[in-house]
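Here you get one chain, nothing else, as structure tokens; it is the form predicted alone.
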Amino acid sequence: MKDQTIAIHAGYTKDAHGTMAVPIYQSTAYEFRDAEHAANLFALKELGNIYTRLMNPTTDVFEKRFAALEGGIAGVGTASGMSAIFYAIANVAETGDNIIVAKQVYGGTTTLTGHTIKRFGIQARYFDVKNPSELEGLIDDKTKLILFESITNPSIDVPDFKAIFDIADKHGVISCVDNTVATPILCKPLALGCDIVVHSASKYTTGQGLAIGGVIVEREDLVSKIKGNARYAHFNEPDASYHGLVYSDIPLPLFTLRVRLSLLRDLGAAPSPFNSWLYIQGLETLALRMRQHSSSALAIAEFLENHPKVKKVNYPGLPNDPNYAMAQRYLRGGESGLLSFEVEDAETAKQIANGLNIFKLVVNIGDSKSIVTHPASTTHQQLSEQELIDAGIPGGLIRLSVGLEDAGDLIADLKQALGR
């Protein structure tokens, strides 16, 4: 099936009432048939609902539908995009290990990997996403994950997926792509060779800024990379917290299963059923919206490219953009609604942001409403001057998340704020 059909039908088998819309199963817990049934569920002899922190029928539809859109074998929902990223790291790394992260990532990912996980004894090493060969000098026998974004936020770079995946596979390291900005409509990292993808479902998935959530999806046959791999001994040895279960020996998707049985069980950042229902509604129109977001963003990028006050525009849909060739190779049907542009300095950037009317000053992306952000003073404020440079975020950078308003109205708003 094509994406638009998958987004409307995948993962849902109608209940006894035949409801066309996926129901909201707003329940904390579930009744067992008898004591034996309960024991079998906890022992994984049977599969079924135990407690909504682990699984829920509405969330199950969302997970299956999103996994189908990404071309993956299984998904697991989380309470936020940041918890999805943290779980992806915590599922493979422990004290003494390291992960490798692109310098050009969302500010929250930078603080998580550069500061918070240090307290867990996990080191983050950074590479320039535009220079994948740097990975060779960073990988050692304690490297557990390589993490980057399909379209970087806010520098708007498109990486060479193949070059990164080839290096990851050469060393037997799991690769992880944050596909939030591109969405599975414009990019399918798993089909390109990625091992797992993560998303903030709070962005384009909901499409209206209605709910906070995330999701992790794993590729088919990830077990072939993990089984017998000394990097991931905890997948190949008995789990004392789960009756001696060896994840690499069971005929189920092992990465997302371990997230569910270990991390959701113990840390609890699970999505609410209502939020999962909102994501399902958003998925139904995702393909349509991504085409409109991309079309309007390109029109705005073309306008900004010719404005005398704009020093540089970052949008891979522009033929003269340095990421154009990679976008043509790895993206399909558009380049998303996120773009950034540079003006003279930070003060000028703030004046422009303050002068916009339709664009709202908000730290979010992927909304139906258009958004403007000054990253250096907000989402990436915690970075040092050198880190900002490395991440492609000068003080004069303005990020736009182009919504679904009329593109002509948005251009007129930018024109008046720029003073022309």
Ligand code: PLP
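As the structure is a prediction and not an experimental result, all values here were calculated from the model. Don't overthink the numbering: it's just position in the shown sequence, from 1.
Another form exists, predicted in complex with the ligand; not displayed. Remarks below refer to it.
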{"query": "Answer range among 159-167, 178-186, 303-311, 117-125 for contact with the ligand, defined in the predicted complex as heavy atoms within 4.5 Å", "finding": "178-186"}
{"query": "Non-hydrogen atom contact Thr206 with the ligand in the predicted complex at 4.5 angstroms", "finding": "no"}
{"query": "Proximity of Thr113 to the ligand in the predicted complex, heavy atoms at 4.5 Å", "finding": "no"}
{"query": "Close approach of Asn275 to the ligand in the predicted complex, 4.5 Å, heavy atom", "finding": "no"}
{"query": "Partner contact for Ser80 in the predicted complex: the ligand, 4.5 angstroms, heavy atom", "finding": "yes"}
{"query": "Heavy atom within 4.5 Å of the ligand in the predicted complex - the one residue of Phe235, Phe86, Tyr106, Tyr330 that qualifies", "finding": "Tyr106"}
{"query": "The unique member of Ala346, Leu261, Ile212, Ile139 whose heavy atoms fall within 4.5 Å of the ligand in the predicted complex", "finding": "Ile212"}
{"query": "Interface residues of 187-207 toward the ligand, as seen in the predicted complex [heavy atoms, 4.5 Å]", "finding": "Ser200, Ser202, Lys203"}
